[in-house]
Structures are given as C-alpha cells and as structure tokens.
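Let's start with one chain on its own, the form predicted alone, as structure tokens.
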Amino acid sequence: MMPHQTPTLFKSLFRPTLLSVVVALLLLVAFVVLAAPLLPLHDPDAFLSSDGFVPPSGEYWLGTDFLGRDLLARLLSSGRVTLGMALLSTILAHLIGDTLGLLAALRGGWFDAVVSRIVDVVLSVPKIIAGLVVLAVTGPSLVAIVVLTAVVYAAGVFRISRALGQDLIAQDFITVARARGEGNRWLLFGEMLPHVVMPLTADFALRLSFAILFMSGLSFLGLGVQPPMADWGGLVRENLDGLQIGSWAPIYPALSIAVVSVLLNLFVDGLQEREKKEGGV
C-alpha cells in the first residue's frame, strides 16, 4: 500500500484544477499590467488625436478616451495603479488585523475587550460613507486612500483572525508551548499563525477584490485617484459620456474590474475545493 501523503499547496497549484487555472490567469493579468511599459504602446498621457472617443483601429487597438489618449495604454497604466494600491492596502489590512486578532485571542481580558469594541465601531460605519468623509477632510492622496482602505478592511480581518485564534488557544499544542514558558511572540507567530495560513490566504484574496471595488468606487465618485493619474474606477468616470455615442471607453475598465474580482473569488473557491478534498482523504 502506498503511504499517505498530503498534497502541498505547491503541488496543487500545478494540477489541472480550478485553482491552477485561476492562478495562471491572475499571473497573466499581473504580467501584462507590469510589462506594459516594455510594450510598443503610446504614452498613456499623450494627446494623440484632436477628437475624443476615436473607434478602435490598427493604431489605437481599443480606441481613444475622451481627450484623444490611447485607451489601451491608459488601461494598462491605470491597472498598475489599481492593483498596486489594492495589494498594498490589503497587505497592511492583514498585517494589522491578523496581528491584533490573534493577539486578542491569545491574551483575552481587557486587551481583547478594548480592541473588539473599537472594531465594532469601525464595522458599524458604512465603508463608502467613511471613505467620503475622511477623504473630504484629508484630500484624496494616494497615501490617504491606501491607509483608509487598510484600516477599513483590517476590522473585518481582525474578526476572522480572532475567531480562528480562539479555536486554537484551547488546543494541546498551545498548552504545551505555554508550559514550556514560550512568550506571546512565539505563540503568535510560531504556533498559531502557521495553522491559520490557508483560511487567511483565502480571506486575503477576498479582501483584495473588495479593496479594488472600494477604491474604484471612490474614484468613480471623484474622491479617489486624481487626474492626470487614473485607476480603473477613474477611467470609467472620465469616459462615461462615451456611452452616449456608443463608445466602449468606459466599458473596458469596468470589465477589467469585474474580471479581476471574479478571478479572485474563483481563487477562493479553488482553495476551498482543495481543502475539502484533503479533508475527505
């Protein structure tokens, strides 16, 4: 009889499954967006035509925007802004939320109570309203948008990591580690964190899609990334008048947001499917 071997995440990513296909597509999107400066494209900020919303052609593959700029170049350029800001804010949200959530579960007492009440307050405020108020006061700078998004979503991450941590603190390996005299730092990062990597990875993908939608929504309302720089939400907003003449200029960035969000959600589904298969073995 062959010995039982639990498949690792590395092996599963390269199997012809939903997870591997989605990962390949996400990597393709990231590669195209990052490699755009190396492609033979027009300057995304250059005014190439005196007419706006020029139809697609051999020179302008997706046509031009409302100011006559190459839409494909601006779509890829704004993609770097959108994905870069969303990724950075999600990393910050998880650094804050995971650390505080696991620490609250580990320490309990007043620390858990105080942080949990602060999180309840943050979660009680609608995200888009909080974004509009904060950015109206601070101004829509890139730093303010990233920090705001990180704080808004760190509250949800805290809830999940705290719940996962509370399931772990009653386990025998935590009791043994405490009996050995291990400090909170080792208990947090050496004992608890490795056991919650997979569910937090799935949550990271979801938060990343939420961050893209949140930031794009702020830009669509005029309080996100400001011209001449643009993200996908800003591209939709500034080219919205093109719909009246049948231009697809606002459709392309909207589709980009939708495609990336769907792929990230499919990634989470793939992780869950993988976990179920491993749990059933």
Partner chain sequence: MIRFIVKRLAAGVVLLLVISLLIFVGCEMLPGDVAQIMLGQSASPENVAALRAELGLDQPAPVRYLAWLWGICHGDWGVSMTSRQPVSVMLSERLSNTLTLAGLTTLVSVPLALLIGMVLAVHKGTRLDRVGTIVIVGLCATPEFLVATLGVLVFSIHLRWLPAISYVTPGSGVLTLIKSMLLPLATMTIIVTAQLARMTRAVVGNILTQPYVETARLKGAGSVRVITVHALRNAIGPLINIIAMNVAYLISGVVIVETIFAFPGLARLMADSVQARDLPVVQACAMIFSASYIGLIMVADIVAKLFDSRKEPGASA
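Numbering follows the first chain given and starts at 1. Since the model is a prediction, treat every value here as computed from it, not as a measurement.
Absent from the display: the form predicted in complex with its partner chain. The rest refers to it.
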Legend entry - Region of this chain that lies against its partner chain in the predicted bound form, out of 23-31, 42-50, 212-220, 57-65 [heavy atom, 4.5 Å]: 212-220
Inset, instruction - State yes or no: in the predicted bound form, is some non-hydrogen atom of Thr175 no more than 4.5 angstroms from a non-hydrogen atom of its partner chain? - result: no
Inset, instruction - Report whether the minimum heavy atom distance between Leu19 and its partner chain in the predicted bound form is within 4.5 Å. - result: no
Legend entry - Heavy atom of Leu271 within 4.5 Å of its partner chain in the predicted bound form: no
Inset, instruction - Classify Thr201 as contacting or not contacting its partner chain in the predicted bound form by the rule of any non-hydrogen atom within 4.5 angstroms, answering yes or no. - result: no
Legend entry - Output flag, Met85, Val115 and Ala205 jointly within 4.5 Å of its partner chain in the predicted bound form, heavy atom basis: no
